[in-house]
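Below you will find one chain, with nothing else, as structure tokens; this is the form predicted alone, and questions on how it binds or moves follow later.
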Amino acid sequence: MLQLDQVQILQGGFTLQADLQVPPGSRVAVIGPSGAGKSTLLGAVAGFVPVPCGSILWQGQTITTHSPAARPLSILFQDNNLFPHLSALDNVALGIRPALRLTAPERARVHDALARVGLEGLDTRRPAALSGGQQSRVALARLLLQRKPLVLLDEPFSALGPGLKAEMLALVAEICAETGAMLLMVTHDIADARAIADQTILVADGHARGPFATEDLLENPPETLRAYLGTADRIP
């Protein structure tokens, strides 16, 4: 279980408060108006944004002051966080051995992960020689190898077309189902939330609230969410 216990994040003049619990194995969308603090919330969970007040706990143990590397999670950003001077294989291998000194079994695991995401035979290519969708697949292959119990997505597929984005989200859902990982996914697209998130956290007006059952929230959106999505009644 992930717990944010009376967390308060202060950044300049911005304040975000969260007091919530996410059950094990949940797939949770994080939605809300632009600038409301969705990425800030993920950054705090990941350890990139300091939390001066309150506690973040994983499985009952505080991780509030742990470095990002010491937290039990993987994160995908909008830019996929690939190193341009490394091949696809080496970018994926960072997920299991940052020094890149792979044993034969580890190298086989990397090749298997690349094949799993549809990049077989492209292991020597650098990111600049890959399409946007292929770069996203490299990042997913690395996530697959890491097998962390908590997966954070900060809109890594937002630049992709609808079909390819749906394919990437399906792969993420598949990986989380296999490993039992919890998923927190920032999105501006309600269709993404409906596609793979059974729960949703709403970030608005300085608070992160929830998680709520996704369909229940979208069937009866609060005023803040209704105004953000520009709908007068129910969200289609």
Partner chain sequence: MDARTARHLTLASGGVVAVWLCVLNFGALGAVAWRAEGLSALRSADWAAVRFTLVQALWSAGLSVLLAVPIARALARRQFRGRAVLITLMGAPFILPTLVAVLGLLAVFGRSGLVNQGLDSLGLARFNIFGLHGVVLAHVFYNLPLATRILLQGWAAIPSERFRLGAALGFTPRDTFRQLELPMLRDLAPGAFLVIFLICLTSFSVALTMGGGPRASTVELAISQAFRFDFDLGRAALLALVQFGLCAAAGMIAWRVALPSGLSGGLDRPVARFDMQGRALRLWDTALILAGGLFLLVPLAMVAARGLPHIISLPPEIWAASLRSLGVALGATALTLAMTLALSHAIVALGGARGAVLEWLGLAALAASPLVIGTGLYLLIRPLANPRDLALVVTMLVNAGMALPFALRLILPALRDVEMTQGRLADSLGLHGGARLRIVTLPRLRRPMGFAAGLTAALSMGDLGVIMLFAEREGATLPMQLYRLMTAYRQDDAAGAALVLLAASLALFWLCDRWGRGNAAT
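Positions refer to the first chain, counted from 1. The structure presented is a predicted model; accordingly, all values stated were derived computationally and were not measured.
One more form of this protein should be noted, the form predicted in complex with the partner chain, which is absent from this view; the next part is about it.
- Contact annotation: the partner chain lies within 4.5 Å of heavy atoms from the stretch 71-79 in the predicted bound form, the single such stretch among 116-124, 130-138, 159-167, 71-79.
- In the predicted bound form, the partner chain sits within 4.5 Å of a heavy atom of Pro98.
- For Pro84, a non-hydrogen atom is located within 4.5 Å of the partner chain in the predicted bound form, even though that partner is not displayed.
- The shortest heavy atom separation between Leu102 and the partner chain in the predicted bound form exceeds 4.5 Å.
- The closest non-hydrogen atom of Trp58 lies beyond 4.5 Å of the partner chain in the predicted bound form.
- Contact annotation for the candidate site: Phe48, Leu94 and Gln146 all lie close to the partner chain in the predicted bound form (heavy atom within 4.5 Å).
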